[in-house]
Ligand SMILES: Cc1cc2nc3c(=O)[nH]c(=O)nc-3n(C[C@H](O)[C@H](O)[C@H](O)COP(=O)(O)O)c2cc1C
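Here you get one chain, nothing else, as structure tokens; it is the form predicted on its own.
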């Protein structure tokens, strides 16, 4: 299932979290590594405003040092009572991704109709799986974690796309169970979403936002 959360709220919290994650600014912004004439706040806001979901990637996996930094930003997201109700698994194994994709295509051959199709994760060469307690606790917190990671990635020139259908397949198809088991999730946790990461091979255009949905209350 796809995470349902309010992106406006996520972006506001992520702005604060990302500022703390970079660790390169003092409160005045004077020690920031932002471009000349700008501040860390400017850089974070630009990252939020320019980040787009990427669905076409170069084939090479994201290096593990970069992914470690991205995930570190993720787990620095806020959570209720600091419960940190998430389990994060990073997969850059081509064998894992291709093997699972073969099962997916066998059950849904139409998925591979696109000649550019390489795998079920929008062709992303690196995938992060996020799980949360199966009683529904922590789903909002996992949304904060996911957004932190996607923003961090974009600031590093790495694209991402939050995906729901691959997880739906993994949870419903018995043949996919061994791949879920390989994630070694804690007892009582259930897969919530997957995020594809990779070096972009496209430049998606921004879609217009409906600003009428935002109001100040007097």
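Residue numbers count along the first chain shown, from 1. This one's a predicted model, so the numbers in the text were calculated from it and none came from an experiment.
The next section is about a form of this same protein that is not shown, the form predicted together with the named molecule.
Checked against the named molecule in the predicted complex, the residues 178, 164, 188, 59 give one hit for a heavy atom within 4.5 Å, which is 164. Using a 4.5 angstroms threshold between heavy atoms, residue 39 stays clear of the named molecule in the predicted complex. The closest heavy atom approach of residue 182 to the named molecule in the predicted complex falls outside 4.5 Å.
Under a 4.5 angstroms non-hydrogen atom cutoff, the named molecule in the predicted complex lacks residue 69 among its neighbouring residues.
With a 4.5 Å cutoff on heavy atoms, residue 64 does not count as touching the named molecule in the predicted complex; it lies far away. In the predicted complex, the named molecule lies within 4.5 angstroms of at least one heavy atom of each of the following residues of 197-218: 207, 209, in sequence order.
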